[in-house]
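Let's start with one chain on its own, the form predicted alone, as structure tokens.
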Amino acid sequence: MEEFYHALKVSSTACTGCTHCMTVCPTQAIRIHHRLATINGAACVDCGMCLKTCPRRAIFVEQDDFNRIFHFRYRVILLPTVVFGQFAEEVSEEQIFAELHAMGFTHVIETDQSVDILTDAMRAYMQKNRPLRPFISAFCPAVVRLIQVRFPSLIGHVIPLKQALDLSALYARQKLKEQGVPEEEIGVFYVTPCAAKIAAIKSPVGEEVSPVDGVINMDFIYNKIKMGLTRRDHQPPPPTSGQGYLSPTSIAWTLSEGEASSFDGRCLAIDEIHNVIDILEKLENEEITDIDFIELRACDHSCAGGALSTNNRFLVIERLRARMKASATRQYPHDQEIERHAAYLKAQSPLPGKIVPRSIEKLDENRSVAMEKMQKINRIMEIIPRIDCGACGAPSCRTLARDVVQGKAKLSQCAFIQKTLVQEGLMTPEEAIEIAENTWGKNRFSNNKQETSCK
């Protein structure tokens, strides 16, 4: 099975193995070994909870080298609406567009220009496949991956369509190709508010390759724009082209209830990944029924609370709502260029491949072997304390038991088991200390000894 690409990385020099990330990870993908947090790529969904929680900023998000944009003659940057919410009210959209052109981008396109086209495609899909209710939005790649690894029985409810990001990238490419620009001279780059969107571009679900060539972190582009504005000292921005009209619906799309408010019937909007898991468990257990559409977002307050957001999410929402209000007073230009490509984009919207399960719960491909391993897990659970203290370097007693059965850990890592073995003479205190050092590192225990002697 091909591995997911993951944008979240751990700095070996900054990490101290404090367990903050391990305890908040919704898929229990993190372990502590040799005083360092390690991420299990098969379980990680790139939700960014670990990034937000780390007190030492030891977890970071990789991005492409910015200078890579200059490998292309025509350089397109795709902006999600939350980028505009990062800036104070006195910074105009025109200034932001101008700064992006000054950085070297030849075309600036707002990702959510394609929302109206996507909404029509989603309505058509739901009307045609009504027996598959409840329909689950595919907007958030962290949620799609979560369903793949933890709730594979719900995959059939995910709407298998490309998202606004992909459609806007396809639009940009098609527009330039119609002008005679060779494909190899077009570079499309997306400004991402989260790690999950990077992973979705690097290893897309349901298709072989993304129409996006590279990713730029939103905090990075925000700082570059701010630097440019400071250098210009509030001078009027030079005129730029490419700024299109966004409807209030399009502006709201990346916020909580942005999708749910666009469809008829009983629609739910859930944000923050632990809330998402709770609702998915209820769906899987059929505790809630008679729902038409569910919008699920991994981040608190959706993309406004993305891990790469630089500003307070509540201020971002306030600014975007002000933008929606201003947009509602403008006359809608029905001759927008992207709408002339609506038929092409709708035809391109279905995912060419299937969304397939990638369960992390599978103990073995052989059913009888998997059953034997499950029995071993249950036996281990009878002799360990079940208090989920994390002293073994795993987030819970059950995950330690699974790791032991899978050959990834030893039962002696449990501090309570260690004490029993020492008391019964089956392990020396020195051996117990060595096991603990393999998890937490020698320096930590040395520091503790020094602090004790000083007292």
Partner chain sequence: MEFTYHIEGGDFSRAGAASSEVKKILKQLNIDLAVIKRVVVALYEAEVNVVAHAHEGIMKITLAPDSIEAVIADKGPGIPDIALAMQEGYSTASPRVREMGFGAGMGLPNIKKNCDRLEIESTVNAGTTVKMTTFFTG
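All figures in this text were calculated on a predicted structure; none of them were measured in a lab. Positions refer to the first chain, counted from 1. What we label the rigid core is the largest C-alpha set whose atoms superpose within 1.5 Å from one form to the other.
The form predicted in complex with its partner chain is left out here; the points below concern that form.
At a distance threshold of 4.5 angstroms between non-hydrogen atoms, residue 285 is in contact with its partner chain in the predicted bound form.
When contacts are judged by a 4.5 Å heavy atom cut-off, residue 151 counts as touching its partner chain in the predicted bound form. At a distance threshold of 4.5 angstroms between non-hydrogen atoms, residue 370 is in contact with its partner chain in the predicted bound form. Heavy atoms of residue 90 never reach within 4.5 Å of its partner chain in the predicted bound form, leaving it off the interface.
In terms of contact with its partner chain in the predicted bound form, the residue from 281, 318, 185, 339 that brings a heavy atom within 4.5 Å is 281. For the options 129, 275, 378, 312, the one in contact with its partner chain in the predicted bound form, meaning a heavy atom within 4.5 Å, is 378. With the partner omitted here, the stretch from 143 to 151, 222 to 230, 166 to 174, 342 to 350 that lies within 4.5 Å of its partner chain by heavy atoms in the predicted bound form is 143 to 151. Counting a residue when any of its non-hydrogen atoms is within 4.5 Å of its partner chain in the predicted bound form, the one hit in 399 to 419 is 402.
Comparing the forms between the shown form and the other one, the C-alpha position of residue 128 differs by less than 2 angstroms, with the core used for superposition. Positional change of residue 368 between the shown form and the other one reaches 2 Å or more at the C-alpha, relative to the superposed core.
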